[in-house]
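Below sits a lone chain in structure tokens, taken as the form predicted on its own.
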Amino acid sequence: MTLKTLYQKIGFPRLIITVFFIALLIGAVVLNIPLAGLWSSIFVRFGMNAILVLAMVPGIRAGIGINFNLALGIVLGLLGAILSFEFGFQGATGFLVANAIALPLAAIAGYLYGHMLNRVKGDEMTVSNYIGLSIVSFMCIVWIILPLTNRELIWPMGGKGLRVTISMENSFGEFLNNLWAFPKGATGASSFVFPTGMIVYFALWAAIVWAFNRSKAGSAMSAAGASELFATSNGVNVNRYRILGTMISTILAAAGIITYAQGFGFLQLYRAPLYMSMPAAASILIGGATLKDARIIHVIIGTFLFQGLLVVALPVINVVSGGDMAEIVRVIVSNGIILYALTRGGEEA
């Protein structure tokens, strides 16, 4: 394989991001920053975010483009986690109950949302932003009026409504992080711990999506997304498969935020769901997806590069700047990656 062929296969955006990532790793070595802890954090953040990025795949393959309304599935995932917490479930049971509540609700919401997107063909990505904002605004009211009684969920001292940030320490926080994690007993920021449970859980969802994409229904959905005229001429109900893609994307968003929250150790309510769609979109575009084609390999590569950059950049800049510029640079790096990915996202890899 020649250098030109390799360059064309990798693509300019991924090449730039990869070179920057490697340069940061080299900088970490030069500055004596423990790499074991960095790699551990990269894998943890990969596991936390990968299912949210995977949620982009069905929408793109169904022809609705990037689903900027992940907030729809996210708020329902948060609702499932909150109700599981309210009922007093912990550990594996709490995690399963949260999903059992959230995923059926996400399927119903995705079905209704898919019908709406069929009425705005060509403007799905624009409309999804406004719908996401509306859903989050509506849920801000819901979080205030929910009649819950668990003192760890509601504001203290007689306050009304749910807290903005809720600790999951007494629920199922870090359940997947610790499940089958190795090596056992490793602690400290300089230790390497592989979050096996989270990676396996992502692999399970990825396998389901992969199997669906190779099924008859998945092939029909991809055909509908690639060319509506061709699909219709071959007897494919395009609107039906667009709705199916939207449903699957919404379900994955609900499952993804539950995984993210348990890994983070906190539930973040109110406006927080608005900030999840852009990083997920940027990740899959960095991984090599376009507005017409998205695959699981794009999810893996993009999530790893995006989260890897954020993990490594912060301590490197923190050491270089003496701690004065770390947060500013983190915001610049994260938003810069998002902007770069979105502006080049329509290009073929």
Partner chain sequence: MALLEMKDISKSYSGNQVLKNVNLTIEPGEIHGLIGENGAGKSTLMNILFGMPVIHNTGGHEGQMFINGEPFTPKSPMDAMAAGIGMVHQEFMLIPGFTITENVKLNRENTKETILGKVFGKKLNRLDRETMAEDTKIALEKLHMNIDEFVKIQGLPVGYMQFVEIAREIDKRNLQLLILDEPTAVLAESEAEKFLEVIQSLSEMGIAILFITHRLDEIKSVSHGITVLRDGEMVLAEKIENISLVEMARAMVGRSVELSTEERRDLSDAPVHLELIDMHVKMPGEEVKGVSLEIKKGEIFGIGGLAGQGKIGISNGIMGLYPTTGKVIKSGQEMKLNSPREMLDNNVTFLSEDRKGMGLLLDDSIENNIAFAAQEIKDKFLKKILVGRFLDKKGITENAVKMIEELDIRCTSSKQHTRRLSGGNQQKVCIARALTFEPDILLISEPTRGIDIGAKKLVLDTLVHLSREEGMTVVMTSSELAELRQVSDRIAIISDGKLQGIFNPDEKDEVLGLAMAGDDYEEVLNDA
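Numbering follows the first chain given and starts at 1. Only a predicted model underlies this, so the values are computations on that prediction, with no experimental measurement involved.
Omitted from view is the form predicted together with the partner chain, to which the following refers.
- prompt: Hey, in the predicted bound form, does R214 get a heavy atom within 4.5 angstroms of the partner chain?
  reply: Result yes; R214 sits at the interface with the partner chain in the predicted bound form.
message: How about L133 - does it come within 4.5 Å of the partner chain in the predicted bound form, if we only consider non-hydrogen atoms?
response: Taking the distances in the predicted bound form, the answer for L133 is no, it never comes within 4.5 Å of the partner chain.
query: So, in the predicted bound form, is L229 in contact with the partner chain at a 4.5 angstroms heavy atom limit?
result: Yes.
- prompt: Using 4.5 Å between non-hydrogen atoms, is S219 touching the partner chain in the predicted bound form?
  reply: Although the partner chain is absent here, S219 would touch it in the predicted bound form, with heavy atoms inside 4.5 Å.
task: Tell me, please, which stretch of 272 to 280, 125 to 133, 197 to 205, 230 to 238 lies within 4.5 angstroms of the partner chain in the predicted bound form when heavy atoms are compared?
output: Answer to the contact question: 230 to 238.
- request: Scan L103, A223, L83, A109 and let me know which has any heavy atom within 4.5 Å of the partner chain in the predicted bound form.
  value: When the partner chain is considered in the predicted bound form, the option within 4.5 Å is A223.
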